[in-house]
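The data below hold one chain only, encoded as structure tokens and taken in the form predicted on its own.
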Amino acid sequence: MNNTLPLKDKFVGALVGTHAGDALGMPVEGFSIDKIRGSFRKIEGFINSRLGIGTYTDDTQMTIGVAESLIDSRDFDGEDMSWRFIRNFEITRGYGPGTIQTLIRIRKGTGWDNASKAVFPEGSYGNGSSKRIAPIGLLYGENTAVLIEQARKASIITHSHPLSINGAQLQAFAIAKALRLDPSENVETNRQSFLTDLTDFSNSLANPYPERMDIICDFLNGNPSEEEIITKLGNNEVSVNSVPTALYCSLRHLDDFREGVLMAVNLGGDTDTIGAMTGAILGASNGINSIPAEWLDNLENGEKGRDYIIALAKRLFELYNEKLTNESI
């Protein structure tokens, strides 16, 4: 991989970027764009809220669980990962009812790969697996076929609908490709390369993902209003109405972590998750130092806060290097 930015910095950027985007969006989760405008005019930084400034939600807590499991298991292990979610669970973080019910069933003995369908027989349409998928994109990005399968397995623990699985796969692929961008290169060159990769990948997924990518291409050639972005890409907790939105915010501000995440959060709706997914992509592209220093300083830093997440990212990078070495032998 030819990249002037240390790859370790990008791993750290992706996981801390998840935390930063999540914490930025958490105070206004569920707000309409009009409510955000009426209350703040425009969000420019962290806002105090029920959990405190810089505090993460279930989005980051579950991302931590994915990373911990991959590191300690040395690979994907669905049983271990599901129990990481259970042991880390704090209801105050804002878990959805479907995820709560699924984790309860696993705790009572339902298999990790069957519990979500016991709650939603057709599978959940939500973005709950996409928001936590960053460690999968980081660890398995060298092999797209493996990434697709590991993202599928990581998704079905709580979200087994094909559109949710596809959303997690697309988000993981985006992080893997962002990791390989060189921020010292021309941003428009990077944008076009990234967009081509995402478009090609989305064509292998179920509709409406390919249709959403067509809209993203059109938007990048124009200057859509925030209302048009919400109407055509979405801003709610459904995978197809949030993953493409995070992709667009990332592509629009590919060289600017701050502006990309602020764009995502100011759209309203599922602000913490769209912020977290955008932060993961832009952190993977631009590294930890692209996150504003004042944001880093204000991130929650308790037992499993900012410093713990940084350490997890470094350990995940070490595992990535081990796998790369072993596979090349």
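One rule holds for the numbers: they count along the sequence shown, beginning at 1. Please read these numbers as outputs of a predicted model, since none were measured by experiment.
Note that the form predicted in complex with inosine diphosphate ribose (R7I) isn't included here; everything after this is about it.
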Is residue 99 close to inosine diphosphate ribose (R7I) in the model of the complex, meaning a heavy atom pair under 4.5 Å apart or at it? yes
Though only this chain appears here, would residue 29 touch inosine diphosphate ribose (R7I) in the model of the complex if you measure heavy atom gaps against 4.5 Å? yes
Classify residue 273 as contacting or not contacting inosine diphosphate ribose (R7I) in the model of the complex by the rule of any non-hydrogen atom within 4.5 angstroms, answering yes or no. yes
With a 4.5 Å heavy atom cut-off, would you call residue 237 a contact of inosine diphosphate ribose (R7I) in the model of the complex? yes
Which of 125, 112, 76, 89 has a heavy atom within 4.5 Å of inosine diphosphate ribose (R7I) in the model of the complex? 125
Picking from 194, 120, 219, 83, the single residue whose non-hydrogen atoms come within 4.5 angstroms of inosine diphosphate ribose (R7I) in the model of the complex is 120
Among the candidate stretches 265-273, 63-71, 283-291, 297-305, which one is within 4.5 Å of inosine diphosphate ribose (R7I) in the model of the complex when only heavy atoms are counted? 265-273
For the three residues 58, 94 and 159, verify that every one has a non-hydrogen atom within 4.5 Å of inosine diphosphate ribose (R7I) in the model of the complex; reply yes or no. yes
